[in-house]
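One chain is shown next in structure tokens, namely the form predicted on its own.
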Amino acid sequence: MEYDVLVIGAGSAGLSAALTLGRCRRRVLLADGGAPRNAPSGAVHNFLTRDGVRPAKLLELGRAQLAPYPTVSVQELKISELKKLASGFRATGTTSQGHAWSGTARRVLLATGVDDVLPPLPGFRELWGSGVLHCPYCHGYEVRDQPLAVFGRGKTAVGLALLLTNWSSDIVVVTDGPGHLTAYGRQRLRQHHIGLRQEPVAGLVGGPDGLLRCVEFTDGNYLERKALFLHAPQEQRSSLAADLGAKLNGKGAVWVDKNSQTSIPGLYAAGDTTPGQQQALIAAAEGNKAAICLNEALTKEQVSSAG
């Protein structure tokens, strides 16, 4: 095998795993497949010592800290296929120049993350990361005490709206048609003075500052808001785990055991690829944990064969 571990994905989880494995003197290839999910965001928050840093800067710092470790290499690679071998995996893909690439590794760590599936309405994609936001913990403080909207339906929208009451007292749930709210859900909204608009939405209108100005309805009316939050559906950025037959949960996330290993022996996963809360700091911690588990598994294999 050319590498001990192939880490696919160079966001917070992948960089953290590569750092830990480098410190374990493992031969590591970090395959950087492109911009991370949070690239459109103005800043990363809740990351100890790096609160407010731009996403690109965080990754730049992470890559720079891999430089002292000679067993770690970083390449711009898009891995398109993994094949299980008797003693590891063969990966194939393309370089940033479009050249074919192939390599082998004893273990693989997937840190490829997810993509958010935004509503196909004008303004959502254009304002994503600035006026259209997904996480109050990431962005709530920056829009505190401002008029906010929550886009969605059912208990998901109600739950998100209630969560936001700690940041703003002016919240309106926008359902884009029938909201499918239960009587109890409507009651909770009224109790907390949260508005409800069920008219079909035409799109979002932004200002020159890149922030949201208003929600436009198909009847021509407007709802002025400074930001809109939603829990968008997600899909895996990579099908590598599914292609190998790895177990997924009901939401499409890659299942892992307590040691960060998927249902495919030797295939690990960390970060937003796996179930659970999604934060850059959490992804970094999961990458670190997966790397420790990987190193211990490799060490056990080595000492067993030597004995």
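Fair warning: this is a prediction, and the values are worked out from it, not measured in the lab. Residue positions are given as counts along the sequence shown, with the first one as 1.
From this point on, the text means the form predicted in complex with a small molecule, which you will not see here.
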Practice item. Choose from 72 to 80, 202 to 210, 179 to 187, 216 to 224 the stretch whose residues reach within 4.5 Å of the small molecule in the model of the complex, heavy atoms counted. Key: 72 to 80
Review point. Is residue 45 close enough to the small molecule in the model of the complex to count, meaning some heavy atom within 4.5 Å?
Key: yes
Exercise for review: Indicate whether the small molecule has at least one heavy atom within 4.5 Å of a heavy atom of residue 129 in the model of the complex.
Suggested key: yes
Exercise for review: Using a 4.5 Å heavy atom cut-off, state whether residue 238 contacts the small molecule in the model of the complex.
Suggested key: yes
Check your understanding: Can any non-hydrogen atom of residue 152 be found within 4.5 angstroms of the small molecule in the model of the complex?
Key -> no
Review point. Would the small molecule in the model of the complex be within 4.5 angstroms of a non-hydrogen atom of every residue among 158, 175 and 233?
Key: no
